[in-house]
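This document opens with one chain alone, in C-alpha coordinates, the form predicted on its own.
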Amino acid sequence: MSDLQSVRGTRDFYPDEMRLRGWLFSHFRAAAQLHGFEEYDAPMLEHETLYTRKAGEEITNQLYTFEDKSGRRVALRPEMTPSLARMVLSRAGALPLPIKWFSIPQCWRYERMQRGRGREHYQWNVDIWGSEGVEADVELLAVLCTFFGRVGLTPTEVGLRFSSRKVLQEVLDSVGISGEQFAAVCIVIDKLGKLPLAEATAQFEELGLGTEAVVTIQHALGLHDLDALAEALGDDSVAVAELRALRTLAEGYGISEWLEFDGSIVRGLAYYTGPVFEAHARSGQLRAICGGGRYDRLLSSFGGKDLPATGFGFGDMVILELLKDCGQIPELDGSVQDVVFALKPELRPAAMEVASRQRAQGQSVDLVLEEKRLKWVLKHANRCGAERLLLLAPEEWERGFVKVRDLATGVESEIAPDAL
(Lines give C-alpha, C1' and ligand atoms only; values in the text may rest on other atoms or scores of the structure.)
Protein backbone atom coordinates (compact mmCIF):
# COMPACT_ATOMS: atom_id res chain seq x y z
CA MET A 1 0.00 0.00 0.00
CA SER A 2 1.27 3.47 -0.84
CA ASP A 3 2.00 5.84 2.03
CA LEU A 4 -1.27 7.55 2.98
CA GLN A 5 0.45 10.37 4.85
CA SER A 6 1.15 13.65 3.08
CA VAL A 7 4.83 14.51 2.55
CA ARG A 8 6.36 15.68 5.82
CA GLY A 9 5.96 19.42 6.22
CA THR A 10 3.01 19.69 3.80
CA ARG A 11 -0.74 19.82 4.48
CA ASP A 12 -3.96 18.37 3.17
CA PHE A 13 -6.94 20.71 3.23
CA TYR A 14 -10.23 18.93 3.84
CA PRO A 15 -13.43 20.95 3.18
CA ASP A 16 -13.68 22.34 6.73
CA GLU A 17 -10.01 23.42 6.55
CA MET A 18 -10.58 24.92 3.10
CA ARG A 19 -13.44 26.98 4.53
CA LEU A 20 -11.10 28.34 7.18
CA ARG A 21 -8.39 29.02 4.60
CA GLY A 22 -10.90 30.79 2.36
CA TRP A 23 -12.06 32.89 5.31
CA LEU A 24 -8.48 33.90 6.16
CA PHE A 25 -7.63 34.70 2.54
CA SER A 26 -10.80 36.78 2.21
CA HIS A 27 -9.56 39.01 5.03
CA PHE A 28 -6.09 39.20 3.46
CA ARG A 29 -7.69 40.39 0.22
CA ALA A 30 -10.12 42.77 1.90
CA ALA A 31 -7.43 44.50 3.99
CA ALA A 32 -5.24 45.02 0.90
CA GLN A 33 -8.07 46.11 -1.39
CA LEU A 34 -9.39 48.58 1.20
CA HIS A 35 -6.02 50.33 0.86
CA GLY A 36 -6.07 50.34 -2.95
CA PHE A 37 -3.83 47.34 -3.68
CA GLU A 38 -4.35 45.12 -6.73
CA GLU A 39 -3.80 41.36 -6.84
CA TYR A 40 -1.20 39.64 -9.03
CA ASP A 41 0.33 36.18 -9.32
CA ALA A 42 3.39 34.45 -10.82
CA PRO A 43 4.49 30.86 -11.55
CA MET A 44 5.29 28.56 -8.65
CA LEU A 45 8.29 27.32 -10.67
CA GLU A 46 11.17 29.75 -11.29
CA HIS A 47 14.77 29.56 -12.52
CA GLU A 48 17.02 28.50 -9.66
CA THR A 49 19.35 31.44 -10.29
CA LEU A 50 16.56 33.83 -9.29
CA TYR A 51 17.23 32.78 -5.68
CA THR A 52 20.94 31.89 -5.72
CA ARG A 53 22.27 35.18 -7.08
CA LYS A 54 23.72 35.89 -3.63
CA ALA A 55 25.54 32.96 -2.08
CA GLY A 56 25.50 32.77 1.69
CA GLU A 57 21.89 33.79 2.26
CA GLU A 58 20.01 31.22 4.34
CA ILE A 59 17.36 30.77 1.68
CA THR A 60 19.83 29.18 -0.78
CA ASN A 61 20.10 26.17 1.55
CA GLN A 62 16.33 25.78 1.82
CA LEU A 63 15.37 25.57 -1.84
CA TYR A 64 13.44 22.72 -3.42
CA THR A 65 15.41 22.50 -6.67
CA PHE A 66 15.67 20.03 -9.54
CA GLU A 67 16.64 19.74 -13.17
CA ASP A 68 13.72 19.64 -15.61
CA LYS A 69 13.56 17.45 -18.73
CA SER A 70 15.27 20.15 -20.79
CA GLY A 71 18.23 20.27 -18.42
CA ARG A 72 17.28 23.60 -16.83
CA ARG A 73 17.83 24.15 -13.11
CA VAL A 74 14.52 25.25 -11.59
CA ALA A 75 13.14 25.76 -8.08
CA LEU A 76 9.81 25.91 -6.30
CA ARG A 77 9.47 29.50 -5.13
CA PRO A 78 10.50 29.96 -1.48
CA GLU A 79 9.21 33.56 -1.42
CA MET A 80 7.44 35.95 -3.77
CA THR A 81 9.64 39.07 -3.81
CA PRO A 82 12.16 37.80 -6.42
CA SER A 83 9.28 36.90 -8.76
CA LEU A 84 7.78 40.34 -8.22
CA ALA A 85 11.15 41.95 -8.97
CA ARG A 86 11.40 39.91 -12.17
CA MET A 87 7.92 41.02 -13.23
CA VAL A 88 8.66 44.69 -12.53
CA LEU A 89 11.97 44.52 -14.41
CA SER A 90 10.37 42.83 -17.43
CA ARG A 91 8.13 45.88 -17.85
CA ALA A 92 10.60 48.49 -16.66
CA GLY A 93 9.35 51.98 -17.46
CA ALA A 94 5.95 50.76 -18.67
CA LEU A 95 4.21 50.28 -15.32
CA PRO A 96 2.55 53.37 -13.81
CA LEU A 97 4.01 54.26 -10.43
CA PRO A 98 3.51 53.78 -7.60
CA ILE A 99 2.79 50.06 -7.90
CA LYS A 100 0.54 48.80 -5.09
CA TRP A 101 0.20 45.04 -5.50
CA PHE A 102 -0.57 42.03 -3.31
CA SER A 103 -0.59 38.25 -3.75
CA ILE A 104 -1.25 35.07 -1.75
CA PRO A 105 1.18 32.50 -3.25
CA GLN A 106 2.10 29.05 -2.01
CA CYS A 107 5.79 28.94 -1.05
CA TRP A 108 8.21 26.09 -0.37
CA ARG A 109 11.24 25.93 1.92
CA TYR A 110 13.04 22.91 3.32
CA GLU A 111 13.59 23.98 6.90
CA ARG A 112 13.22 22.74 10.45
CA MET A 113 9.57 22.31 11.31
CA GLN A 114 7.98 23.75 14.44
CA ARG A 115 4.66 25.16 15.57
CA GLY A 116 3.51 27.63 12.94
CA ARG A 117 6.16 26.58 10.41
CA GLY A 118 5.98 23.89 7.75
CA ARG A 119 7.82 23.28 4.50
CA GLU A 120 5.01 24.67 2.40
CA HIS A 121 2.81 27.58 3.34
CA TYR A 122 0.75 30.36 1.83
CA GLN A 123 2.12 33.85 2.22
CA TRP A 124 0.22 37.12 1.90
CA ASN A 125 2.58 39.60 0.21
CA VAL A 126 1.83 43.32 0.06
CA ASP A 127 4.28 45.68 -1.68
CA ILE A 128 4.59 49.29 -2.81
CA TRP A 129 7.10 50.17 -5.54
CA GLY A 130 8.06 53.66 -6.69
CA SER A 131 7.37 55.55 -3.45
CA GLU A 132 10.47 56.50 -1.47
CA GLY A 133 8.90 58.28 1.51
CA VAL A 134 8.25 56.72 4.89
CA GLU A 135 4.56 57.28 4.15
CA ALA A 136 4.60 54.06 2.09
CA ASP A 137 6.02 52.08 5.00
CA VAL A 138 3.31 53.39 7.32
CA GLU A 139 0.66 52.49 4.73
CA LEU A 140 1.80 48.87 5.02
CA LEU A 141 1.53 49.02 8.81
CA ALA A 142 -2.02 50.35 8.38
CA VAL A 143 -2.87 47.39 6.12
CA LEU A 144 -1.67 45.01 8.82
CA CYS A 145 -3.67 46.75 11.56
CA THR A 146 -6.77 46.65 9.37
CA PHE A 147 -6.34 42.92 8.90
CA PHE A 148 -5.78 42.20 12.59
CA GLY A 149 -8.89 44.19 13.49
CA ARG A 150 -10.98 42.34 10.92
CA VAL A 151 -10.12 38.92 12.37
CA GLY A 152 -10.84 39.99 15.94
CA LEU A 153 -7.35 40.74 17.26
CA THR A 154 -6.47 43.85 19.27
CA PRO A 155 -3.28 45.73 20.25
CA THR A 156 -3.34 43.87 23.57
CA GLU A 157 -2.80 40.62 21.65
CA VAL A 158 -0.56 41.74 18.76
CA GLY A 159 2.26 44.24 18.61
CA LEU A 160 4.08 45.65 15.57
CA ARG A 161 7.76 46.06 16.43
CA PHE A 162 9.65 48.42 14.16
CA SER A 163 13.14 49.74 13.63
CA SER A 164 15.32 50.67 10.64
CA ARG A 165 18.27 49.10 8.93
CA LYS A 166 19.78 52.58 9.08
CA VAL A 167 20.04 52.11 12.84
CA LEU A 168 22.08 48.99 12.27
CA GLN A 169 24.08 50.71 9.52
CA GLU A 170 25.03 53.59 11.80
CA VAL A 171 25.94 51.24 14.66
CA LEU A 172 28.04 48.97 12.44
CA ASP A 173 29.70 51.95 10.76
CA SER A 174 30.76 53.13 14.21
CA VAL A 175 32.62 49.85 14.81
CA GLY A 176 34.08 49.62 11.30
CA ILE A 177 31.87 46.96 9.71
CA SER A 178 30.85 47.29 6.06
CA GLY A 179 30.63 45.46 2.72
CA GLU A 180 30.14 41.70 2.68
CA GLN A 181 30.82 41.55 6.40
CA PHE A 182 27.72 43.74 6.94
CA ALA A 183 25.38 41.19 5.31
CA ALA A 184 26.85 38.30 7.31
CA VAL A 185 26.51 40.24 10.57
CA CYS A 186 22.86 41.02 9.74
CA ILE A 187 22.05 37.32 9.53
CA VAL A 188 23.54 36.68 12.99
CA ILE A 189 21.80 39.72 14.49
CA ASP A 190 18.45 38.53 13.17
CA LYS A 191 18.97 35.33 15.19
CA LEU A 192 19.82 37.07 18.47
CA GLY A 193 16.46 36.29 20.06
CA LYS A 194 16.65 32.66 18.96
CA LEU A 195 20.27 31.79 19.82
CA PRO A 196 21.90 31.54 23.26
CA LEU A 197 23.96 34.69 23.86
CA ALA A 198 27.22 32.73 24.02
CA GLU A 199 26.56 31.13 20.64
CA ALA A 200 25.64 34.46 19.03
CA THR A 201 28.81 36.03 20.46
CA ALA A 202 30.87 33.14 19.08
CA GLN A 203 29.37 33.69 15.61
CA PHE A 204 30.20 37.40 15.81
CA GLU A 205 33.78 36.54 16.72
CA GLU A 206 34.00 34.18 13.73
CA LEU A 207 33.08 37.17 11.55
CA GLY A 208 35.99 39.15 13.03
CA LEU A 209 34.15 41.30 15.57
CA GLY A 210 35.97 42.12 18.78
CA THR A 211 34.39 42.19 22.25
CA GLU A 212 33.95 45.98 22.22
CA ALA A 213 32.13 45.88 18.87
CA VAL A 214 29.84 43.10 20.08
CA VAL A 215 28.97 45.06 23.26
CA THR A 216 28.22 48.20 21.21
CA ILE A 217 25.92 46.26 18.86
CA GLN A 218 24.11 44.48 21.66
CA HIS A 219 23.54 47.75 23.57
CA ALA A 220 22.09 49.62 20.58
CA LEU A 221 19.91 46.72 19.49
CA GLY A 222 18.60 46.24 23.02
CA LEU A 223 16.96 49.69 23.10
CA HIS A 224 13.18 50.06 23.14
CA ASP A 225 12.87 53.84 23.28
CA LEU A 226 13.47 56.34 20.47
CA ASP A 227 14.82 58.97 22.84
CA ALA A 228 17.36 56.48 24.17
CA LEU A 229 18.29 55.65 20.59
CA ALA A 230 18.79 59.35 19.84
CA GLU A 231 21.07 59.55 22.86
CA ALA A 232 23.10 56.59 21.57
CA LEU A 233 23.32 57.69 17.90
CA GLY A 234 23.10 61.48 18.27
CA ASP A 235 20.26 63.89 17.48
CA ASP A 236 21.52 64.31 13.92
CA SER A 237 20.99 60.57 13.23
CA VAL A 238 19.19 59.95 9.93
CA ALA A 239 17.79 56.72 11.36
CA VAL A 240 16.29 58.47 14.38
CA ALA A 241 14.67 61.17 12.22
CA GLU A 242 13.14 58.54 9.94
CA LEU A 243 11.71 56.53 12.83
CA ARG A 244 10.26 59.62 14.50
CA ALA A 245 8.57 60.53 11.21
CA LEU A 246 7.15 57.01 11.00
CA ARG A 247 5.75 57.32 14.53
CA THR A 248 4.12 60.67 13.75
CA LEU A 249 2.47 59.35 10.58
CA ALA A 250 1.22 56.29 12.46
CA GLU A 251 -0.54 58.63 14.88
CA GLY A 252 -2.35 60.11 11.87
CA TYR A 253 -3.58 56.64 10.94
CA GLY A 254 -4.65 55.98 14.52
CA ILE A 255 -2.48 52.88 14.81
CA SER A 256 0.11 54.02 17.36
CA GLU A 257 -1.13 51.65 20.04
CA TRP A 258 -0.13 48.71 17.84
CA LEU A 259 3.47 49.97 17.43
CA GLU A 260 6.57 49.67 19.56
CA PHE A 261 10.16 50.54 18.73
CA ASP A 262 12.53 47.58 19.08
CA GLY A 263 16.16 48.03 18.08
CA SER A 264 16.66 44.29 17.69
CA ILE A 265 14.33 44.12 14.65
CA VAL A 266 16.73 44.02 11.69
CA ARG A 267 15.38 41.24 9.39
CA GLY A 268 17.89 38.71 8.09
CA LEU A 269 17.97 39.43 4.36
CA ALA A 270 20.70 41.80 3.28
CA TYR A 271 18.56 43.77 0.82
CA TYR A 272 16.63 45.75 3.45
CA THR A 273 17.62 49.42 3.42
CA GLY A 274 15.24 51.38 5.68
CA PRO A 275 12.35 50.81 8.08
CA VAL A 276 11.82 47.16 9.03
CA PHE A 277 9.05 45.64 11.12
CA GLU A 278 7.60 42.41 12.50
CA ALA A 279 4.28 41.51 14.08
CA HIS A 280 4.44 39.43 17.25
CA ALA A 281 1.94 37.93 19.65
CA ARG A 282 2.16 39.84 22.94
CA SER A 283 2.14 36.51 24.75
CA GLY A 284 5.55 35.68 23.28
CA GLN A 285 4.49 32.09 22.66
CA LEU A 286 4.88 32.13 18.87
CA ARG A 287 7.47 33.09 16.28
CA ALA A 288 6.96 36.32 14.29
CA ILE A 289 3.55 36.50 12.62
CA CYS A 290 4.90 38.47 9.68
CA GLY A 291 7.78 40.73 8.72
CA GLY A 292 8.95 43.15 6.11
CA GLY A 293 10.53 46.49 5.38
CA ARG A 294 12.06 48.77 2.79
CA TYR A 295 14.30 47.32 0.06
CA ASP A 296 15.25 50.17 -2.28
CA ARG A 297 18.28 48.44 -3.84
CA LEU A 298 16.83 45.08 -4.83
CA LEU A 299 16.57 45.55 -8.60
CA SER A 300 20.27 46.30 -9.05
CA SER A 301 21.03 42.81 -7.70
CA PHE A 302 19.16 41.51 -10.77
CA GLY A 303 21.06 43.82 -13.10
CA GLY A 304 18.34 46.47 -13.35
CA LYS A 305 17.88 50.08 -12.27
CA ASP A 306 16.85 50.38 -8.64
CA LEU A 307 13.35 51.50 -7.70
CA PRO A 308 12.18 52.43 -4.18
CA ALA A 309 10.21 49.54 -2.71
CA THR A 310 8.74 48.37 0.57
CA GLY A 311 6.65 45.34 1.47
CA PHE A 312 5.89 42.50 3.83
CA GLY A 313 5.30 38.75 3.83
CA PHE A 314 2.65 37.21 6.09
CA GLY A 315 2.38 33.42 6.40
CA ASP A 316 -0.90 31.60 6.94
CA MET A 317 0.32 29.19 9.64
CA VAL A 318 1.35 31.36 12.62
CA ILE A 319 -1.71 33.58 12.43
CA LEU A 320 -3.99 30.54 12.62
CA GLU A 321 -2.13 29.34 15.72
CA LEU A 322 -2.60 32.77 17.31
CA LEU A 323 -6.29 32.89 16.41
CA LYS A 324 -6.73 29.47 18.06
CA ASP A 325 -4.95 30.70 21.20
CA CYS A 326 -7.19 33.79 21.31
CA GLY A 327 -10.41 31.88 20.64
CA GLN A 328 -10.97 33.73 17.36
CA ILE A 329 -11.33 30.79 14.96
CA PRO A 330 -14.83 31.22 13.48
CA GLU A 331 -17.42 28.47 13.13
CA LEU A 332 -17.88 28.23 9.38
CA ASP A 333 -20.75 26.34 7.83
CA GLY A 334 -20.63 24.95 4.31
CA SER A 335 -21.90 27.00 1.41
CA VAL A 336 -25.04 24.90 0.75
CA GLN A 337 -28.31 26.82 1.11
CA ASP A 338 -30.85 24.26 -0.10
CA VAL A 339 -30.89 20.45 -0.06
CA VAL A 340 -33.32 18.92 -2.58
CA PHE A 341 -34.63 15.38 -2.09
CA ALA A 342 -37.18 13.30 -3.99
CA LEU A 343 -39.07 10.91 -1.71
CA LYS A 344 -39.80 8.58 -4.64
CA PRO A 345 -37.46 7.54 -7.50
CA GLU A 346 -40.01 8.64 -10.13
CA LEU A 347 -39.77 12.22 -8.79
CA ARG A 348 -36.00 12.52 -9.40
CA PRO A 349 -36.41 14.28 -12.78
CA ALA A 350 -38.68 16.80 -11.06
CA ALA A 351 -36.11 17.17 -8.24
CA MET A 352 -33.41 17.92 -10.84
CA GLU A 353 -35.72 20.51 -12.38
CA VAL A 354 -36.23 22.20 -8.98
CA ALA A 355 -32.48 22.09 -8.22
CA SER A 356 -31.64 23.59 -11.63
CA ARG A 357 -34.22 26.37 -11.13
CA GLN A 358 -32.71 27.25 -7.75
CA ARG A 359 -29.14 27.21 -9.05
CA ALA A 360 -30.11 29.48 -11.93
CA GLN A 361 -31.31 31.96 -9.29
CA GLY A 362 -27.92 31.87 -7.55
CA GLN A 363 -28.78 29.46 -4.74
CA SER A 364 -26.19 26.87 -3.68
CA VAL A 365 -28.06 23.55 -3.94
CA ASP A 366 -27.10 20.00 -3.03
CA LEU A 367 -29.27 17.40 -4.75
CA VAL A 368 -29.50 14.01 -3.04
CA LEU A 369 -28.75 11.60 -5.88
CA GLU A 370 -29.39 8.24 -4.22
CA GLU A 371 -32.35 6.59 -2.55
CA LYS A 372 -32.04 7.49 1.13
CA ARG A 373 -34.17 7.52 4.25
CA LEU A 374 -35.52 10.91 5.30
CA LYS A 375 -33.66 10.64 8.62
CA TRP A 376 -30.35 10.37 6.73
CA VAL A 377 -31.27 13.32 4.50
CA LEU A 378 -32.02 15.53 7.52
CA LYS A 379 -28.65 14.65 9.11
CA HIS A 380 -26.92 15.30 5.78
CA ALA A 381 -28.60 18.71 5.43
CA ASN A 382 -27.48 19.67 8.94
CA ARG A 383 -23.91 18.54 8.21
CA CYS A 384 -23.94 20.75 5.11
CA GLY A 385 -25.11 23.73 7.15
CA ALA A 386 -28.08 24.08 4.79
CA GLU A 387 -30.86 26.56 5.50
CA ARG A 388 -33.73 24.62 3.92
CA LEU A 389 -34.72 21.11 2.89
CA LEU A 390 -36.86 20.98 -0.27
CA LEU A 391 -38.84 17.74 -0.33
CA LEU A 392 -40.61 16.46 -3.42
CA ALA A 393 -43.39 14.21 -2.12
CA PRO A 394 -45.96 12.59 -4.43
CA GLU A 395 -49.06 14.22 -2.96
CA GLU A 396 -47.67 17.76 -2.69
CA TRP A 397 -46.00 17.61 -6.12
CA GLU A 398 -49.27 16.39 -7.67
CA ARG A 399 -50.85 19.59 -6.35
CA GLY A 400 -47.94 21.67 -7.72
CA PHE A 401 -46.04 22.30 -4.49
CA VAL A 402 -42.69 21.55 -2.89
CA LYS A 403 -42.61 20.81 0.84
CA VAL A 404 -40.08 23.18 2.42
CA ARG A 405 -38.60 22.64 5.88
CA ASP A 406 -36.77 25.51 7.58
CA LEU A 407 -33.87 23.67 9.19
CA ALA A 408 -33.30 26.30 11.86
CA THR A 409 -36.90 26.31 13.17
CA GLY A 410 -38.27 23.00 11.89
CA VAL A 411 -41.29 24.81 10.45
CA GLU A 412 -42.67 23.26 7.24
CA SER A 413 -44.62 24.94 4.45
CA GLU A 414 -45.74 24.25 0.91
CA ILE A 415 -44.39 26.54 -1.82
CA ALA A 416 -44.79 26.51 -5.58
CA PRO A 417 -41.47 25.85 -7.39
CA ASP A 418 -41.45 29.25 -9.10
CA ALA A 419 -41.89 30.98 -5.70
CA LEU A 420 -39.02 29.24 -3.91
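Each residue number is its position in the shown sequence, starting from 1. Quick caveat: nothing in here was measured; it's all calculated off a predicted structure.
Quick note: we don't show the form predicted together with a small molecule, though the next part is all about it.
Stretch-level contact analysis of 145-153, 247-255, 94-102, 111-119 against the small molecule in the predicted bound form, using heavy atoms and a 4.5 Å limit, identifies 111-119. In the predicted bound form, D127 approaches the small molecule with a heavy atom inside 4.5 Å. The closest non-hydrogen atom of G304 lies beyond 4.5 Å of the small molecule in the predicted bound form. Of the heavy atoms in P308, none are within 4.5 Å of the small molecule in the predicted bound form. Taking non-hydrogen atoms only, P275 never approaches the small molecule to within 4.5 angstroms in the predicted bound form. Note on the partner interface in the predicted bound form: the residue among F204, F162, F341, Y271 having a heavy atom within 4.5 angstroms of the small molecule is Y271.
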